[in-house]
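This document opens with one chain alone, in structure tokens, the form predicted on its own.
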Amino acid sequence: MRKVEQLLKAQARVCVIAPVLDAGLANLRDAGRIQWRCGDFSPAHLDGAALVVAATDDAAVNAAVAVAARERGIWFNVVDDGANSQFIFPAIVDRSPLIVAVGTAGRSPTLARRVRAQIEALLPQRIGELAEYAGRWRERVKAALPEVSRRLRFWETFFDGPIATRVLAGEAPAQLDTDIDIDATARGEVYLIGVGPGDPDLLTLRAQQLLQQADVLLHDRLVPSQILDRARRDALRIDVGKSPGAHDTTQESINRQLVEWAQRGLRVARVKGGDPFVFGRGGEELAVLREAGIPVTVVPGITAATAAAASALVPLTQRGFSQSVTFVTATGAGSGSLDWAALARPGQTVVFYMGGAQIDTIAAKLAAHGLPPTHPVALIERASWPEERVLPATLGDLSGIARRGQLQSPTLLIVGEVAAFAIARGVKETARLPPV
């Protein structure tokens, strides 16, 4: 079946010779996509064939097919027997019209499939659309740039530039069919990249791809070095992180740097923990860049709340416990106007971001608006990091546990009945939490 599928993709006319057909092949026969000759193999079956595949579990039949094909001068393949085959089927990554084939000369098809999977993970899903789009412009670029060296430089810049980024992001190529400014492909662009809660394995493929493209990285203070190491080695790294209570780098300074680096024609990655649009000030940066006319690509990341809940085995919503979830920050300019009465309502889950330094205030406000001391809560410190800790508690003992725990950033607080599902764990918990 696998071989038939590959041959049909290559527009082959396929005839299957077999005493019986399995359900998949029978469906293809009924749809008129293959022919079927019912019966055991006979050398005469190969008359008029261009390629032959022996795909049975009977070595004698496979050998007979190979002999008959060789006598007729027909190329043949014996499945899982490279030594007795004249051609092989490589493992294929199909991003048509871009095709990548991986082979081991029949030595290890399993290894070829593994390598294929690794390559497939690195290639953007829409890279075939990008190839189609570039193909439509090929002749026009050739006419505008007759010198081969200039054309090569153009295409190298193009495939790293904003138009290619937009095609890969899913913008329909038809919307981009305006004249390409051949001299403008060196304009810079900005990627607002969410890199998740900290575990490099939770990076999205898109984040990984754009980190490899970026010339400059403006990264937050709490982005782990293991994630920054996924970027190009020669990329310039600039720490623009803001420490609580000590804003060494203002948001205005970050905005200005994003614009300045991009205006130099560079690809700039704004690297943020979590998701750029969840308490990441990505919206402010997007507005500034749009006003400056700089192309922007936004890459969502796994936000800290969902990562922390998964690590702590806490469902943020659960029938009978919580019908809604609210994300809120207890720091920053808007924290003073929070609707504490709404946050204290039962039947919901509330996740406080960046709340480690405000635990006493949060506990007092929620209690003052009606939450009982027995209400379940959970503190998750550095979710998904190697030193992650999960500290279940109740609202009444929250302040004491937080104080004794000497919490580090980033720490999230989950408030709600679902927090009772949290399982306490942490590599430093025993050493750092003295007995009451």
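Start at 1 with the first residue shown and count on from there. Being a predicted model, the structure only gives us computed values, none of them experimental.
Separately, the form predicted together with ligand SAH exists; it is not shown, and the next lines address it.
- Of the heavy atoms in residue 280, some are within 4.5 Å of ligand SAH in the model of the complex.
- Remark: residue 383 counts among the residues lining ligand SAH in the model of the complex, judged by a heavy atom distance of 4.5 Å or less.
- Within 4.5 Å of any heavy atom of ligand SAH in the model of the complex lies no heavy atom of residue 213.
- In the model of the complex, residue 376 stays away from ligand SAH, with no heavy atom inside 4.5 Å.
- Figure note: of the listed segments 260-268, 115-123, 297-305, 94-102, the one touching ligand SAH in the model of the complex, with heavy atoms no more than 4.5 Å away, is 297-305.
- For the candidate set 76, 133, 353, 89, a heavy atom within 4.5 Å of ligand SAH in the model of the complex is found for exactly one residue, namely 353.
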